[in-house]
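As a starting point, one isolated chain is supplied in structure tokens, in the form predicted on its own.
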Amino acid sequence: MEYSEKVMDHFMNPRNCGVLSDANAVGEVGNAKCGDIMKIYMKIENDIIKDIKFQTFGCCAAIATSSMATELIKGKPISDALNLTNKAVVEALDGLPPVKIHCSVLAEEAIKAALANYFRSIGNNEEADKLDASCDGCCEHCDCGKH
């Protein structure tokens, strides 16, 4: 399996890796079929993602997509994170092998799970519920149970 230079860079030198002790948004997702688990921590202030960290247990692609996804939304408004797609993460990494696309789906879902957690914490259950139902089953490896 061949990975792009960007994938290998984000795997070997992951950005924003670790735990964010003052996070006010936390999301965790996993894929039972491949064993990948992603946990995203965000510190959101005034609708801006001031800081973001991740912990990922998984393959090269899982770590690289977590790293790239956090880079794409760090310092940005919540709206940018809400609009982030797995396809944008894959493109930013100059592609992934087809059998590893599910890793980018997990990165997107972890971010949305963290945002759902944040919206619930501020009493916006309507927005949180929309995010909980956001998986569209775009990946044959999806195991979210929402379809």
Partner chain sequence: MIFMEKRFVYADNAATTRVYQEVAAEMLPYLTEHYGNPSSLHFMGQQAKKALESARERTASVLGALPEEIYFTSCGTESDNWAIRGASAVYAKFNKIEKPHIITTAIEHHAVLHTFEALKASGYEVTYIGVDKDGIVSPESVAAAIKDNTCLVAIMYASNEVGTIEPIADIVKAVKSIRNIPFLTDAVQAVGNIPVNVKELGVDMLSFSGHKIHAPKGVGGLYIKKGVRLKNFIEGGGQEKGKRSGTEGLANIIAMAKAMEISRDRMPERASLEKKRDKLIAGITSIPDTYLTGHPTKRLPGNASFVFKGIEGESLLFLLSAAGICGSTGSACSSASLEPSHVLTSLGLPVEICHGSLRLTIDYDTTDEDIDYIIENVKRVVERLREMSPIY
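Positions refer to the first chain, counted from 1. Quick caveat: nothing in here was measured; it's all calculated off a predicted structure.
Below, we refer to the form predicted in complex with the partner chain, which is not included among the displayed structures.
For the candidate spot formed by Y3, M12 and K100, every residue has a non-hydrogen atom within 4.5 angstroms of the partner chain in the model of the complex. The stretch that touches the partner chain in the model of the complex, counting heavy atoms within 4.5 Å, is 55-63, out of 117-125, 42-50, 55-63, 86-94. When contacts are judged by a 4.5 Å heavy atom cut-off, I37 counts as touching the partner chain in the model of the complex.
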